[in-house]
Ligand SMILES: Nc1ncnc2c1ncn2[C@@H]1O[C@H](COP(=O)(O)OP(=O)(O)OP(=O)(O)O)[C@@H](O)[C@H]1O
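Only one chain is given next, in structure tokens, and it is the form predicted on its own.
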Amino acid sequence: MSAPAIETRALRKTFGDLRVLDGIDLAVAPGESLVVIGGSGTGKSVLLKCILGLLQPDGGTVRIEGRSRAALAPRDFLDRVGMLFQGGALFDSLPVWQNVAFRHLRDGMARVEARERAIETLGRVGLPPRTADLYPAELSGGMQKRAALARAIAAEPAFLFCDEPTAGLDPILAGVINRLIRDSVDRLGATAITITHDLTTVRTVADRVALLDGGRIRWMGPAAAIDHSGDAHVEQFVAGSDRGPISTLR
């Protein structure tokens, strides 16, 4: 049996007196799409940053394909990662094609080839070639999110991380982005972790779901089971209720 592509064991992170992660055990299989749900301030982004190495955990371990992430040279892992940031995080001073081809250009690819690849990748997320020479400020919010996804997948990463990918989008555009993420994961065969509080993202993107609350994973199961989990935490989250084990005081 192969090792999990991404695994955390007893992961802990505190900020002062605030314990954000309190012993997180996760295992994501190769090619699996895991969606981590939970309310605002429950530590979803902190978990993602600890896995990526942007934050140093206070305890526990992160393993990538069976190897300690701490023992990996940063580029040995990060060069295989695609990241879709919550706000897109496109470089304002660069045209869209240079945003998408940023990694290729960094690695010395000829600009003509890098631009051609960028246009091809933009096409995969539904953006026409004319988009390539526009600047991020000239794009709508939905187009910016598509361009950011194109950048995330341009180098065909083995790992794809998405931070609140539908934040700020209307329901129709959110549905488009969710489907593009799912299609990208399937096409690349990438191992993916998405964090969100959006149930439409869960239903479209997830193979499995983990609910994070109080610094711990309270439930984990297949996406198809989320509407009949039998777990009080999940039922409260799905219903959007202020009554249940999940505290509304955050």
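Everything numeric here is computed off the predicted structure, so don't read it as measured data. In this text, the rigid core denotes the largest set of C-alpha atoms whose superposition between the two forms falls within 1.5 Å. Don't overthink the numbering: it's just position in the shown sequence, from 1.
There is also a form predicted in complex with the ligand; it is not shown, and the following applies to it.
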Partner-contacting position among Gly59, Gly41, Gly66, Pro30 - heavy atom within 4.5 Å of the ligand in the predicted complex: Gly41
Candidate from Leu18, Ala10, Ala239, Ala232 lying within 4.5 Å of the ligand in the predicted complex - any heavy atom: Leu18
One stretch from 178-186, 214-222, 201-209, 33-41 that, in the predicted complex, holds residues within 4.5 Å of the ligand by heavy atom: 33-41
Contact label in the predicted complex: Gln144 to the ligand, heavy atom within 4.5 Å: no
Proximity of Val46 to the ligand in the predicted complex, heavy atoms at 4.5 Å: yes
Proximity of Glu116 to the ligand in the predicted complex, heavy atoms at 4.5 Å: no
Partner contacts in the predicted complex for 81-106 (non-hydrogen atom within 4.5 angstroms of the ligand): Gln86
Large Cα shift (2 Å or above) at Gly168 between the shown form and the other one, core-fitted: no
